[in-house]
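The form predicted on its own is given below as one chain in structure tokens.
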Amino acid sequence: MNQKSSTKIRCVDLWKVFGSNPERVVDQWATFDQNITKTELLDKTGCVVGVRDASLNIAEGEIFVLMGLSGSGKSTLLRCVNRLYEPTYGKVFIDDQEVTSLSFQELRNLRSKKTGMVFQHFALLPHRRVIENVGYGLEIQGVGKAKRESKAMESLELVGLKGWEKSYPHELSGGMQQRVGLARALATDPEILLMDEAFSALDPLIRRQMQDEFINLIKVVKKTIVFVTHDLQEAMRLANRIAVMKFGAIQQIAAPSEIVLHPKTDYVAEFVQDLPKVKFVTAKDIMETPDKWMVKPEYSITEMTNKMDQEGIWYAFLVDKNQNIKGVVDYRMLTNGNGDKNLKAEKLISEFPNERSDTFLEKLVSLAAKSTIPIAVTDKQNRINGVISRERLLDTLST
């Protein structure tokens, strides 16, 4: 999914403290032991910190995942975005509009028109049919019955529930009920979807199917999405970027591969240590720039071998002026010639491993096992964008 550059959601120095006189906890935080536990803080102050000094920017069209263990503050932070929870301190902006200063009516308009929310436990109205549940947000907005049913049907079709519109929630499976919840959020055509542990109540197999369907759906609807989960693999599958939280504070914000390859804190490193890199790291994440690996058709054999000596490589890619790969040269074949000054066609290797930038490490390792030639990373026009050597793969797997 293409991510736009403009900022859609911005949180600045955000705190949410539950309890009496929570402002004093924010004001006095620097005086506390910074390793204080939630229980110790509760005993000391009578307060619980849900979110602690959180700042982040979420781009328009981005899937931003808030991830952490139970009690880390991820759901609390999500609910501060649309002020289901009133922040204790700090500011929230949506499209540069300060949400934390809106009147009740302005906030109601923002929730009904600009944001949609999908909950963990579906929150469907049991006495209403599916189509009525999906159209409920439009009903609140005062939209007429014919129009809201039409919109509801469009949303149901998007989530694959056409034909179930007259059913009641209890007649549907858990996965189907969650689709109804998602359709309800989409029916008002919000710019932002807030999803709080949306798939965690589902059985593992259904959950995986919902993730697959969601990935396909978001390519169509193109919303800004803030997604809360405690499941690291779910976060890795869905996110453009991830914020890892602990005790209300953000430990690291980065792309999934960056979280795996370069954890910023010991906590994040421990969080991702058992994650199989091969399923989440891509060629783009580990490839080297191609300059060191390229030679040009106009080079003499001496010029080619000199460059390969200088770079310490056994193979080089012969690349034309458009960066298209014409083949691979082998240092040993070049130096075992008969005094030829220029490269002959029979010394050019035409078959070599070649993959796109979004290829996962799992496949790259398999390719490297079958060939000693480095893997070329190319675009759709066969232009070289990067190179992955065996050494680079081994280094990635070992760190």
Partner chain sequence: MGFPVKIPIGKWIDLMVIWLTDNFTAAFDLISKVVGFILLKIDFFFNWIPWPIFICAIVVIAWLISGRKVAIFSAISLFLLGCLGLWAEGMSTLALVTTAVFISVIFGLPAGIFAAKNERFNAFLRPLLDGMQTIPSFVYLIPAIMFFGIGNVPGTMATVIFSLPPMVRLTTLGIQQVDAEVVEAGHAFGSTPWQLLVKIQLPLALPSIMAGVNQTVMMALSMVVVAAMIGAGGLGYKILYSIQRVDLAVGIEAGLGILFIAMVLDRILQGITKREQKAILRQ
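Positions refer to the first chain, counted from 1. Every value quoted in this text rests on a predicted model; they were computed, and no experiment measured them.
Although it is not shown, the form predicted together with its partner chain is what the next lines describe.
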Contact label in the model of the complex: Thr305 to its partner chain, heavy atom within 4.5 Å: no
Its partner chain contact in the model of the complex: Glu258, any heavy atom under 4.5 Å: no
4.5 Å heavy atom contact, Gln120 and its partner chain in the model of the complex: yes
Exercise: Val221 in contact with its partner chain in the model of the complex, heavy atom 4.5 Å: no
Interface residue in the model of the complex among Ile140, Ile215, Leu205, Ala269, criterion: non-hydrogen atom within 4.5 angstroms of its partner chain: Ile140
The unique member of Ser155, Thr229, Ser72, Gln177 whose heavy atoms fall within 4.5 Å of its partner chain in the model of the complex: Gln177
Three-residue site Leu124, His127 and His170 fully in contact with its partner chain in the model of the complex at 4.5 Å by heavy atom: yes
In the model of the complex, segment of 308-316, 127-135, 89-97, 323-331 with a heavy atom within 4.5 Å of its partner chain: 127-135
Stretch 70-87 - residues with a heavy atom within 4.5 Å of its partner chain in the model of the complex: Arg79, Asn82, Leu84, Tyr85
